[in-house]
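Before any questions on binding or motion, here is one chain by itself as structure tokens, the form predicted alone.
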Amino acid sequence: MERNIKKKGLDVLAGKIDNKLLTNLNSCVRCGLCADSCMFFKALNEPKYIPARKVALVSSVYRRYFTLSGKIAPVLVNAKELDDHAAEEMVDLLFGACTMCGRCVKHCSIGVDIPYVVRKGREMLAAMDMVPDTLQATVDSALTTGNNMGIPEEEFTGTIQWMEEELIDEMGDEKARIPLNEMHAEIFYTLNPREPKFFPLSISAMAKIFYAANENWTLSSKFYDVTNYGFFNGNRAEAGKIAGNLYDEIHRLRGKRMVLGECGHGSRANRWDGPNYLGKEYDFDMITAVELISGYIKQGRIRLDKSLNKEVVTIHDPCNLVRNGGLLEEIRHIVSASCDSYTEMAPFGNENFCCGGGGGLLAMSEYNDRRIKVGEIKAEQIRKTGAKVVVTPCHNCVDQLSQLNHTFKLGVKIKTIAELVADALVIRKNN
């Protein structure tokens, strides 16, 4: 490995003292309790996939270059050189074998934040220009076009226009709109670009909910992408530029509240990490679509007839919205109000297994086989519920679950929260 490339990676560890990182690197006692919490270890049954091994990998490099014992007697303290082999191992384990779901943290005897260490390792790899090409291409698309799918503005506008025409026909009301670039709207709504590209019914469902709630809302035709794959590739500067798109756009349109569409990592990257990326406190309100819809139900702004959804529903809890986002009860409030019957997976909620598509893994085609293999755990969870519908408020999860549904022949329908709610709406014509 060239010296200047190695230096870039080590500079990530050598910069401003990161007490959180040092605490986590030095706290792991290698008890192994995290092993059975990890779907990669459970599915692939190889010691290298144990979460503690990922911590040890980053820790060993830190010890080699930043501790006296590592410099003097590296073998005695398991201190590793950051060479080509170590870097390739980091890429495979930190990008290709971890969704940063956080389930391991819940099972750690002392609470080591393993996903945080993994993210720091990814930052090192990003600095060395070793992000998997497929993941980096997704980030580059967002940086150059404003959305990770590279959808031209003209194509997006055309899609929204024909969807609005269909919504007007369905509602029988010219006021049933999907507004674009409206100034001073109460709600600035965001989307996962996979919605206009592959899942337009998700947009229609949310538009029906806004119509039923008589909401004043808008979409931007240029910057609407709630996702931020800079959260996954380890490049904080790129993550900041992507987060800045939405920050600048809500100010340009003078919106009052940003509502984050159904995307787990997008919600986390914008709501919690965005101010850190940009180095400033946000001066507008920001909530998820889950919280907004739950509020509509509680306030009586929308009416639902749960008998319209007769099939048994089960819930897949997105890691960044439930285990790492605290929305367990909000999701269940919506689902219980929207369907005749729902049943839980085992385990569910904070203990639920990741679908296998998080951490940017869906964008990295080189790990497709591994992603589907670990996803079999989720497939079996779904199968055992006997449910006919799986609802989840995350389009990354929808994509992964759809592939699992096909691969393992589950025979279920995959829906977003908005789609489930829209199917139960009792529409009252707005004046």
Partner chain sequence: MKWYIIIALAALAISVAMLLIQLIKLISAGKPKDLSKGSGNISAGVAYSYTKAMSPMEKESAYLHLPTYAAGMIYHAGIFASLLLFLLFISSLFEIPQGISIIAGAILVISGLCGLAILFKRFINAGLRSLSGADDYISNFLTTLAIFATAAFLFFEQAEVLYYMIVSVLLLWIPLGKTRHLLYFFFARYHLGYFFGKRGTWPPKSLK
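Residue numbers count along the first chain shown, from 1. On a predicted model such as this, the values are computed, not experimentally measured, just so you know.
Beyond the structure shown, there is the form predicted together with the partner chain, which is absent from this document and is the topic of what follows.
- Picking from 358-366, 61-69, 372-380, 391-399 the stretch near the partner chain in the predicted complex, with a 4.5 Å limit on heavy atoms, gives 61-69.
- Remark: all three candidate residues (Val105, Trp272 and Arg323) come within 4.5 Å of the partner chain in the predicted complex, counting heavy atoms only.
- Not displayed here, the partner chain is kept clear of Glu165 by more than 4.5 Å at the level of heavy atoms in the predicted complex.
- The partner chain is not drawn, but in the predicted complex it has a heavy atom within 4.5 Å of Thr23.
- Contact check for Glu154: every heavy atom lies farther than 4.5 Å from the partner chain in the predicted complex.
- With a 4.5 Å cutoff on heavy atoms, Val75 counts as touching the partner chain in the predicted complex.
- Looking at 36-62, the residues that come within 4.5 Å of the partner chain in the predicted complex, counting any heavy atom, are Asp36, Ser37, Pro47, Ile50, Ala52, Arg53, Tyr62.
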